[in-house]
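So this first bit is one chain, no partners, the form predicted alone, shown in structure tokens.
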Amino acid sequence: MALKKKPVTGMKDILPKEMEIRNYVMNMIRETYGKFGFTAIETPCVEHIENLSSKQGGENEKLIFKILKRGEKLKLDTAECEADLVDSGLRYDLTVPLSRYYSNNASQLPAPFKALQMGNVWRADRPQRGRFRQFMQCDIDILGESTYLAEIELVMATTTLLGKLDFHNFTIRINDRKILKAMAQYSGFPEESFDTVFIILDKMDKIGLEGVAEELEKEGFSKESIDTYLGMFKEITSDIEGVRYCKEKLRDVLDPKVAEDLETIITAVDSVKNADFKISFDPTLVRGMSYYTGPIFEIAMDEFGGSVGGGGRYDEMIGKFTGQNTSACGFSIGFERIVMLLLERGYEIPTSAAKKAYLIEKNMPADKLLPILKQAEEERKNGVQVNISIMKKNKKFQKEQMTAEGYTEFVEFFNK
């Protein structure tokens, strides 16, 4: 059987130019988030199948790469169902592993705990532009902080990072799951049907108000409920006034503190932001994960045409492990999409060290090679990146290749 050169579908080889950008972005993430007090941690890429299939990961639970039991535990001849064959899987996000991590190590961690995670995750998804089956995620989470300070810090840290990476005119869309539920309740939808309503609402940006109305009708909901529900979206604005409208309109079904806290988050971020973006109240924002319990947010970028990050509050997930709920809130940036956008715009790393190439004539004797090596080492000590290569016959093509890699100066050494 012939060996295959191409990577597995949905995965990719990373060439040096992209790797340079990726490393730069990762270093910028560590530096920026570190200034906000986030501490780097790491969790295993393999997670217990029970944790991955706990009905907290939404649609992602249908995309798990599952791992067969090994050795004597794998009994193919007597297996009656999947559970007899599978005991673990590759993580599809970093939030579920973080919740397990915190549950297992909380006694050794500060409170509140501000965690930074970067690592690959896997989803058996349909590959497309900016979407792979193996991809890097970057999450920041604050565990043990119940106030809106967590949301403010997460949004500020994330937008500061994007500003440093030269992104402009993006939008932070923000909503609250409690407002979502209050609007559905006020409109008369049965509570057991809320998830169905939200799944349809999540299509608003693609099918519009009329499309949402049609799909709700197909589900058998009453015209009165649909008209009341969609009528509110026509009235709600995308600013503080929109939040205040919800507070007043939904006063019989919504704790006023929910709207007040959301208003504080929006006002605080808008007042102290140090990047070029706007924060916008969006009552149609749903976020697919069922574990969200409060404020939710996404990053919208026109140049991508969709979301390049998101997150929210998930105060009940850790309690699934410990039996006691712990306040938790997180924000994940779409690392792969950010890198893709930087590459597409020809982004140049602003702080790159000088790159110099030493081209050495073939068969250079050892006594003449040694001073060249020492010279290169001195330049490296002074911050110059020096690449030593044997001179090729087609020296012009060799220099063109190295110029494409960012080398700006060439020094040639001959055996004379």
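This structure is a prediction, so every number in the text was calculated from the model and none was measured. For clarity, a rigid core is taken as the largest C-alpha set superposing within 1.5 Å between two forms. Start at 1 and count along the sequence shown; that's the residue number.
As for the form predicted together with another copy of the chain, it is not shown, yet the points below apply to it.
Proximity of L90, L109 and T264 to another copy of the chain in the predicted complex is complete: all three residues have a non-hydrogen atom within 4.5 angstroms. Taking the partner from elsewhere, R100 is found to have a heavy atom lying within 4.5 Å of another copy of the chain in the predicted complex. Within 4.5 Å of any heavy atom of another copy of the chain in the predicted complex lies no heavy atom of E400.
Put simply, G383 is close to another copy of the chain in the predicted complex: some heavy atom of it is within 4.5 Å. Though the partner is left out of this view, Y148 does reach within 4.5 Å of another copy of the chain in the predicted complex, counting heavy atoms only. Think of it this way: in the predicted complex, another copy of the chain has a heavy atom of just one of N169, N325, S222, N105 within 4.5 Å, and the residue is N105.
Stretch 139 to 147 is the contacting one of 206 to 214, 341 to 349, 233 to 241, 139 to 147, since its residues have non-hydrogen atoms within 4.5 Å of another copy of the chain in the predicted complex. For the stretch 7 to 38, the set of residues having any non-hydrogen atom within 4.5 angstroms of another copy of the chain in the predicted complex comprises P7, V8, M11, K12, D13, I14, L15, P16, M19, N23, N27, R30, G34, K35, F36, G37, in sequence order. For I49, the Cα coordinates differ by 2 angstroms or more between this form and the one not shown after the core has been superposed. The rigid-core alignment places the CA of D87 2 Å or more apart between this form and the one not shown. Taking 2 Å as the criterion, F65 counts as shifted between this form and the one not shown: its C-alpha moves by at least this amount when the rigid core is aligned.
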